[in-house]
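A single chain comes next, written as structure tokens; it is the form predicted on its own.
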């Protein structure tokens, strides 16, 4: 039955929806527990899905109470934002697209609308329409909040995976006692350059390296920011007591550096082998060809 305000008038649509959500909290949660979004995420027990549904219903009631049914930043949504994010991410990991996840969120609305229509069966038609519209807007905002939260979670996961790939693609090799090398292959952008710096400096500390070789034979080109970042890496390694050697500079990269007028205050060698030979010589270790002198 519709609620009435103290002056005898019908409650406002938002407050009517708020009171309806409080009254039908259990029934709504029970119906949601059978929907794919809850049933497939909360698999331990049905009671777990029901309790998760109650949390969402409480959040909707709080948003309706504040008359902010159109605001995805309403305080009431903060209580369920993390839960909605986990639910969306779980469905995404199960292979569903963003559109499919959005459809599962939209499927939560009909059970609630049916309960509202039954509750307000005796209400004036205009009041029922206004309350239905308010509920529709509220559920649409919930859907928007859920998708925003899920997209943020997916973006964070993508960023973490990207950083992991960058770290895997930037190995540090111990060539000799006191000599480490970072062979770089592929495009070198600012983000990867930062990973190179961190990885190399950590290796200098861990390996007590006196020489650090940056081999860029496999890098087709670099821009001005990356070139400057490489120079900062060289300077940082020098501050930590390691001499940095850059090997394998391609003609295109050399032209870029000259064109930009960058001051390469660094030892360079044509190849990784030449750089290693230089470092070994500086350490007092000479490479001897066993076949030399034999006739």
Partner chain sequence: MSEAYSRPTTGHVPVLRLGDVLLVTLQGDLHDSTAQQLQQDLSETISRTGVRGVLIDISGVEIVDSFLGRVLAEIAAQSRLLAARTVVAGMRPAVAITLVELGLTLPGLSTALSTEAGMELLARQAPVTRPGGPRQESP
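Only a predicted model underlies this, so the values are computations on that prediction, with no experimental measurement involved. Numbering follows the first chain given and starts at 1. Under this definition, the rigid core comprises the largest set of C-alpha atoms superposing within 1.5 Å between the forms.
Absent from the display: the form predicted in complex with its partner chain. The rest refers to it.
Undergrad: 90, 201, 172, 130: which sits within 4.5 Å of its partner chain in the predicted bound form by any heavy atom?
TA: Exactly one residue meets the criterion: 201.
Undergrad: Please name which of the stretches 230-238, 251-259, 61-69, 41-49 has residues with heavy atoms lying within 4.5 Å of its partner chain in the predicted bound form.
TA: Going through the listed ranges, the match is 230-238.
Undergrad: At 4.5 Å between heavy atoms, is residue 86 in contact with its partner chain in the predicted bound form?
TA: Judged by the heavy-atom cut-off of 4.5 Å, residue 86 is well away from its partner chain in the predicted bound form.
Undergrad: Residue 197 near its partner chain in the predicted bound form, any heavy atom under 4.5 Å?
TA: Residue-level check for residue 197: yes, a contact with its partner chain.
Undergrad: Do residue 210 and its partner chain share at least one heavy atom pair within 4.5 Å in the predicted bound form?
TA: It does: once its partner chain is placed as it appears in the predicted bound form, residue 210 has a heavy atom within 4.5 Å of it.
Undergrad: Using heavy atoms and a 4.5 Å limit, would one call residue 274 a contact residue for its partner chain in the predicted bound form?
TA: Looking in the predicted bound form, residue contacts with its partner chain do not include residue 274, since no heavy atom lies within 4.5 Å.
Undergrad: Heavy atom within 4.5 Å of its partner chain in the predicted bound form: which residues of 267-283 qualify?
TA: Read in sequence order, the residues that approach its partner chain (within 4.5 Å, in the predicted bound form) are 278, 282.
Undergrad: Core superposed first: is there a CA shift of 2 Å or greater at residue 266 between the shown form and the other one?
TA: Residue 266: C-alpha displaced by 2 Å or more between the shown form and the other one.
Undergrad: Would you say residue 106 moves its Cα by 2 Å or more between the shown form and the other one, aligning on the core?
TA: No, its C-alpha moves less than 2 Å.
Undergrad: Core aligned, does the CA of residue 208 move at least 2 Å between the shown form and the other one?
TA: It does, since the residue 208 C-alpha is displaced 2 Å or more between the shown form and the other one after the core fit.
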